[in-house]
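Starting off, we have a lone chain in the form predicted alone, written out as structure tokens.
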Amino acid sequence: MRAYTTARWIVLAVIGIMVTLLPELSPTYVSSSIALPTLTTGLCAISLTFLSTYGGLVSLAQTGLFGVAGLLAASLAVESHVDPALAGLIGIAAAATAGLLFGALASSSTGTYFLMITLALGEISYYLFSAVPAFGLHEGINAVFPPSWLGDPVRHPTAIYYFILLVAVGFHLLLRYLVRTPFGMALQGVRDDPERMTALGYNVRVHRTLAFALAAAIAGTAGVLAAWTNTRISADSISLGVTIGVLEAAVIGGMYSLEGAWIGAFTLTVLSIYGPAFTDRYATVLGILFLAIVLVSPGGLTGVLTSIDRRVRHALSNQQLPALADRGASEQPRG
């Protein structure tokens, strides 16, 4: 058992080292075309996973909030010549404000009703941005560059990779901490039994709305960073197809684990890049994979890994028990 635990930590350490040194260990293409989209998609997915896991709310408005921040920041930076960093902060603040509004509208419902309301809000965001010339219509806004100190995200992505990695780790740790605070515990209580929490004096709608606003800020951050890394953004960046893609990333990775958002985002990014090269029916294959995971492992790939880990530990424990029994018998004093 001890050897297995050590090996497990070694594997995790190797993965951490590879993620940390990725720009030095891989070609530029891997950093710009795989790592950066994985991080930005993962940020959007983790905002959905947070709401689902700890609030019991599956939101389809996250890409709409992604667009609120990304398109507003891009418009301010390109059209109004606002400093990109300041424009990004304004965009994130706008996404958080929109999240408060969206949350206030949707927080009185749950389940399918909440899902449909957030889907409608996301689609309203899409059609709004696709109809307003200031946001580039369907052509989008081009030449959206990050602050100069982050370098060129296409040819020299090292600086922006480490910046986004730091942001991703920061948000992940923040959510891990938040769910253990009184607010986080109350949110989980609201998820499990809203009627009882109301009877205890907690305001269910306020807790859900605040959680939605926090998730909106995270999704908005992803939108700004995605605009910077792609050097463009358009209304099509928040279309229904993208909304479904973020949901697929969350489900494939595991809707009941924050870590699943990153695993799902990486899996979806790799499949979207290399899948079409192997088959013209890539979307069909992805749909079958999505359906198989939903049916076989509701916990996604994270659930599969957790199940394997549990079975290995159980098998090792069963092997150790007879050995310990024999050892104990041999050490009994003889009369």
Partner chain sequence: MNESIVRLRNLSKSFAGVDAVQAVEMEVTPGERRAVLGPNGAGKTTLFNLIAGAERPTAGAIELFGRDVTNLPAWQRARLGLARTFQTSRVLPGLSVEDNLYVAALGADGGHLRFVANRRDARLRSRARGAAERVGLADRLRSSARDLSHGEQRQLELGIAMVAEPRLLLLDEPAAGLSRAERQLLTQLLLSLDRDVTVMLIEHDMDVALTIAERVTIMHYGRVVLEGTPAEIRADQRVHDIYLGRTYAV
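Quantities reported herein were computed from a predicted structural model and do not represent experimental measurements. Positions refer to the first chain, counted from 1.
Below: the form predicted together with its partner chain, not depicted.
- In plain terms, the part of the chain that comes close to its partner chain in the model of the complex, with a heavy atom within 4.5 Å, is 184-192 out of 184-192, 109-117, 261-269, 95-103.
- Among heavy atoms of Y177, some come within 4.5 Å of its partner chain in the model of the complex.
- Of the heavy atoms in N203, some are within 4.5 Å of its partner chain in the model of the complex.
- Contact check for T198: a heavy atom falls within 4.5 Å of its partner chain in the model of the complex.
- Its partner chain in the model of the complex is approached by L210, whose closest heavy atom lies within 4.5 angstroms of it.
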